[in-house]
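Okay, here we've got a single chain as structure tokens, the form predicted on its own, with questions on binding and movement later.
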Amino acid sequence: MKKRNTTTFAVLAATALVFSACAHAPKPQELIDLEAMRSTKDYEAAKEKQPELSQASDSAHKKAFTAWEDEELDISKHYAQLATIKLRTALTLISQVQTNQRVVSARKEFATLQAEHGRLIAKIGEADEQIKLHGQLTAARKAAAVKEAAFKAKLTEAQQKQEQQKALAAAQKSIGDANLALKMADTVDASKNAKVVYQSAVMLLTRAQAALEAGNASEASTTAMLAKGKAKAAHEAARPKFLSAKKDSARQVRNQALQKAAAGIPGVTVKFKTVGQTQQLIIPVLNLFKRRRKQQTEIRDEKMVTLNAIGAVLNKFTEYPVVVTGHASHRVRSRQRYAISQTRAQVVANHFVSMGVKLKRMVVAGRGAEVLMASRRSRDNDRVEITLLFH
């Protein structure tokens, strides 16, 4: 019995020794955490996008696992930590690239939004300008209508007709002034350099001309005055840009050539005038028309040489806006002066057009007997002045 117990004890001891030799020590926590990281989708991404760091992590992992199997736990922890550092570095770099991509995308989107914001601001500015213009026109119309109603109530029918003619003449003058202001704005390329204000002036001038054609002198005058103000504003806004865009020396050479050519026109004395920042080269053609009453708008034959010489200058210097202004002396009946002076200016402009001068370059206006250069009844006042505008 004693021998049997001794044998049993020996067998159990041998068995325990065998199991003790085959069992491993518990895995270090560092190796467990590493293997958990390797089982995620991030590990697959690291293998694809950071292969060098991923391979280095794999190599360290193998060494950590082998050291654990050999029960070298400190070494296993070391390589597990190294593998974790390599893997986390790879994931950090991937995250940084993704973040940079999102930043670039966000910047592009921000730039697009900024551009759209700029376009919206420009459209809002244009809309505000139109609203402002509409308000000014509405207020001006109401005020003009009240004044006109009160004024007409005090006049006889004959007086009303006379006043209507005066009002139409005044409206024509206002439109001419607005046209002149717009042409001055053209000298500084306001259609490009002050687009919104310039377009407002053009729109108002078109309305004024339509009102004049409809016989509405009051609205024509009021709208023309607004157009003139807008044209002047466009001129002031565009001028700095124009001056910076043009080479001053080249422009001066061209201006001097124009002055020299104008001075060589036979039978005229050229004058110069400064209005604000605009220079005016004025070519007056005196005693231009026939003297008989029914021929007051017919050009004298001997003056054709002078007009042809002026037309040649206009065709040579095509970039300069032109104002053709008709005048009358007190020999012309008072009620006919504006109409005759306007017709005289138009006759001269038509002659220039026949020579190839573009009509759109010219403003044609009649001033009646407003601006005399000699005694009231002197025939020198029956003239047309051709004015070229420049800076």
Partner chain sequence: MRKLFVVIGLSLCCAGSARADVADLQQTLSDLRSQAGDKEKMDVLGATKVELSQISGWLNDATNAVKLEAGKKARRFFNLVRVQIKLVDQLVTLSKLQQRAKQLEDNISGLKQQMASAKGQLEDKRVQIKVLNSAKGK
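Numbering follows the first chain given and starts at 1. The model shown is predicted, which means the values in this text are computed figures rather than measured ones.
Below, we refer to the form predicted together with its partner chain, which is not included among the displayed structures.
For the options 318, 165, 92, 244, the residue carrying a heavy atom within 4.5 angstroms of its partner chain in the model of the complex is 92. Exactly one listed residue, out of 282, 85, 313, 286, brings a non-hydrogen atom to within 4.5 Å of its partner chain in the model of the complex: 85. Heavy atoms within 4.5 Å of its partner chain in the model of the complex belong, among the stretches 174-182, 204-212, 271-279, 96-104, to residues of 96-104.
Taking the partner from the other structure, its partner chain in the model of the complex has a heavy atom within 4.5 Å of a heavy atom of residue 137. Put simply, residue 305 is far from its partner chain in the model of the complex: not one heavy atom of it is within 4.5 Å. Proximity of residue 256 to its partner chain in the model of the complex falls outside the 4.5 Å heavy atom cutoff. Shown alone here, residue 252 lies farther than 4.5 Å from its partner chain in the model of the complex, counting heavy atoms only. Along 100-118, these residues reach a heavy atom to within 4.5 Å of its partner chain in the model of the complex: 100, 102, 103, 106, 107, 109, 110, 113, 114, 116, 117.
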